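Before any questions on binding or motion, here is one chain by itself as structure tokens, the form predicted alone.
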């Protein structure tokens, strides 16, 4: 499988975890890594180039921090411009049908915060529903998100475990070793669950 990672983080200097994850992803063979904020610092997105990238890959991984319950602004603009009518959806669209989408997100809040009784009053997958529905409209399969909660408050060991898990996830997607039957049963998953989802 040809994997495309679209990394969107407007404050990378303040995020050691996301930056380390991006570094690991960038080093993987057979995985295309794109830093959207580095490529488009003025938000002037090259739609034709981005659409060609999508056509050349089978799996799209959106890596980003959840800011104010949504994607960073550049990633939203990327969706607005790149996933246009006649290309990604519509009677003559569906150029991306059959491809897969996975969100890889970090949150400031804890897992308890992202629950019906927590401060955010909803589970993390509820805040990612626009991505899920976008994938559905475009005929793509939306896979359960890979989530790191409390990214700003983790013990070093937990942070390193997640950083190490990320290239394992991307490699499993690349080599078609992620057990999608089991993964589809999960609303979201974290690094400790990943080992059970990778086929040898």
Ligand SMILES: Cc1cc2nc3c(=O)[nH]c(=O)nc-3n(C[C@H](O)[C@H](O)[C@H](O)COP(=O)(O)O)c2cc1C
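Positions refer to the first chain, counted from 1. This one's a predicted model, so the numbers in the text were calculated from it and none came from an experiment.
What comes next is about the form predicted together with this ligand, which is not displayed.
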property	result
Of 131, 151, 169, 163, the one that lies within 4.5 Å of this ligand in the predicted complex (heavy atoms)	151
Stretch in contact, per heavy atom within 4.5 angstroms of this ligand in the predicted complex, of 132 to 140, 34 to 42, 47 to 55, 60 to 68	60 to 68
Distance check, residue 16 to this ligand in the predicted complex, heavy atom within 4.5 Å	yes
Proximity of residue 77 to this ligand in the predicted complex, heavy atoms at 4.5 Å	no
Contact test in the predicted complex: residue 109 vs this ligand, heavy atoms, 4.5 Å	yes
